[in-house]
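The form predicted alone is given below as one chain in structure tokens.
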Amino acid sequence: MHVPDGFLSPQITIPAYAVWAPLWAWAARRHFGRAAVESLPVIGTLTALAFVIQTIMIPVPGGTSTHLVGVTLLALLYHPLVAFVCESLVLLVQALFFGAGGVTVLGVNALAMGLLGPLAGWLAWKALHRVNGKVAVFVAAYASIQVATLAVAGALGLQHALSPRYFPLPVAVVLPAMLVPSLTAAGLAEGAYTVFALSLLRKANLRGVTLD
């Protein structure tokens, strides 16, 4: 799901950075002050788990693969902006040390997987959690990864429209190639992971872990 370096031109990456950087700084100041000290162990653990599961590739037909994101639970337990801050750090480490994604496209990837996806999941959970808690968590995680996938595909499609020299495939090709594995494999796995992780946290009875 990561957009690699070289796939997007400065026409997209610079505006994405212009949005991502101040938003990240504001979110970090707002949600990681003294009041968040008790929650930091859980937040750090879930961020580390997100980092790990994003390195696990799920093979899909066509000779490619997809992967989970794993930060929807942070959005549900704390706030979508907490997920945004943490996923941005995950993506930065991946770009600098593991060659996943890239530094020039960090803003795009972070906005897609760290903000838009978790925000959509949080909104879905808000709409459904009073009906059925576990179903709402599953739907939230499923919706989150679909929105993130759509955002990445949209960025690639926009790049093709602006300059096919950077990305030669039109959105009519990119969208199904990304969305079908996301709908049929990654989304289901993301939902199952999020429900399972939440159940473990509740059994551990950790302080600061509430989902009302």
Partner chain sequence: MTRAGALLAAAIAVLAPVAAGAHEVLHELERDRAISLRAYFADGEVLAYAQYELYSPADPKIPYQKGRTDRSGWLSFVPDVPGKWRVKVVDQTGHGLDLEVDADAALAAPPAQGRSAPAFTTAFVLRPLVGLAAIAAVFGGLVAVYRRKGTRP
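The shown structure was predicted, so the numbers you read here are calculated from the model rather than taken from an experiment. Residue numbers count along the first chain shown, from 1.
Quick note: we don't show the form predicted in complex with its partner chain, though the next part is all about it.
No residue of the trio Ala25, Val139 and Thr194 has any heavy atom within 4.5 Å of its partner chain in the model of the complex. Contact check for Leu89: a non-hydrogen atom falls within 4.5 Å of its partner chain in the model of the complex.
Although the partner is absent here, Ala155 is not a contact residue: none of its heavy atoms lies within 4.5 angstroms of its partner chain in the model of the complex.
In the model of the complex, none of the heavy atoms of Val135 sits within 4.5 Å of a heavy atom of its partner chain. Within this chain, Ala161 is remote from the site of its partner chain in the model of the complex, having no heavy atom within 4.5 Å.
With contact defined as any non-hydrogen atom lying within 4.5 angstroms of its partner chain in the model of the complex, the contacting residues in 161 to 177 are Arg165, Tyr166, Phe167, Pro168, Leu169, Val173, Val174, Ala177, given in sequence order.
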